[in-house]
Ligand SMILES: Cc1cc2nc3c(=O)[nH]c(=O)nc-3n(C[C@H](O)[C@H](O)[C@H](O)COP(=O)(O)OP(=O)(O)OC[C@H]3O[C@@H](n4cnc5c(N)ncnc54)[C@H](O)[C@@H]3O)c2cc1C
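First, one chain by itself in structure tokens, the form predicted on its own.
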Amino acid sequence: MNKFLVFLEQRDGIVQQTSIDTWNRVQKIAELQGAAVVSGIIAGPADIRQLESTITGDGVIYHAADESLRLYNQAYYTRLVADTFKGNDCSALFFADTAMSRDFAPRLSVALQASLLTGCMKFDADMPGGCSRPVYSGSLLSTFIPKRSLRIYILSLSTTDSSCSSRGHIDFMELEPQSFTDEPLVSSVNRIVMHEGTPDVAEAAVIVAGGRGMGGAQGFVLLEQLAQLLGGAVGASRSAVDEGWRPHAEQIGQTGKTVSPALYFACGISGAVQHLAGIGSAGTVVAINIDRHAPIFDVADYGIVGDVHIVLPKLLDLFKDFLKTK
């Protein structure tokens, strides 16, 4: 019987939506494979009550509520997850494809002597551990399989496919406190926190993103106003981040974050292939650009040819008038 373990990432005590989506997707994979058991692990204090209405399927979620695990620590987290994985005799470990997992999963692959595949979009149920992921800046989809000599594998999933046929029953189990003070290396972490109430660009259902066409940091004020109005987040292209107009945490694309919002505004973004690689899973894409031949229009569902500094204020007024009638 296959046993899957899902790492559920928490931030400030809240389990991230990308991890919840990964759990639900792994439940679907377990359904397709037949006899498979799914369990989860949360590191650090977290409000597990939020999960009762958002996760699906059956399984056990282990919660290590140690205060020392509140902030990400590579050594502590590796020890906790490796012990849980081995203790449950699991065959596969799943992550959401986040900045944490990209740092965390390689160390675990060494600790567990496991094959590691990251950024997986599709999982092959007929080929244990096999998955497809984008290559060449998202222009192709390539299939990879784990090394056969390794019995176990680790996958990070990049999409938010959370479909599952049943709600099921989840048991929560608190783990006994552990001592992590004997770890030889302890990292010093500086946290850069976004404005309160601002959603993470990787979690947001609506993203208003800007590029070089915004003209400077001041141009993003319009995007902030639109994002706040729609309850979304502000994103940026690499060029805007390189110019210092926006923080790297908001960067979308091959060297930034892969996002899956229901609605994506691309404002003053030309649509380089590296940026398009990060929005392949977006729902509706709206592009605003002064260049009618910009590549972004090839992937946009709706396009407006015009100066963003003229179009956005008018768009803001229309949204305000529309929301007043609701």
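Between two forms, the rigid core is defined as the largest C-alpha subset superposing within 1.5 Å. Numbering starts at 1 and follows the sequence shown. No experiment lies behind these values; they were computed from the predicted model shown.
Here the subject shifts to the form predicted in complex with this ligand, a form of this protein not shown in this document.
Each of Arg212, Ser237 and His309 is positioned with at least one heavy atom within 4.5 Å of this ligand in the predicted bound form.
The shortest heavy atom separation between Asp301 and this ligand in the predicted bound form exceeds 4.5 Å. Contact between Ser281 and this ligand in the predicted bound form is not found at the 4.5 Å heavy atom cutoff. In the predicted bound form, this ligand lies farther than 4.5 Å from every heavy atom of Val286.
This ligand is not drawn, but in the predicted bound form it has a heavy atom within 4.5 Å of Gln251. Here the chain stands alone, but in the predicted bound form its contact with this ligand, taken as any heavy atom within 4.5 Å, falls in 238-246 among 238-246, 199-207, 103-111, 78-86. Contact annotation: of the candidates Val60, Ile290, Val37, Ile48, the single residue with a non-hydrogen atom within 4.5 angstroms of this ligand in the predicted bound form is Ile290. Proximity to this ligand in the predicted bound form, defined as a heavy atom within 4.5 Å, holds among Gly232, Gly219, Gly256, Pro146 only for Gly256. Although this ligand is not shown here, in the predicted bound form the stretch 259-293 places heavy atoms of Gly268, Ile269, Ser270, Gly271, Ala272, Gln274, His275, Ile288, Asn289, Ile290, Asp291 within 4.5 Å of it, in sequence order. If you fit the rigid core between the shown form and the other one, you'll see the Cα of Gly215 move by 2 angstroms or more. Relative to the superposed core, Glu243 shifts its CA atom by 2 Å or more between the shown form and the other one. Superposition of the core reveals a Cα shift of less than 2 Å for Val15 between the shown form and the other one.
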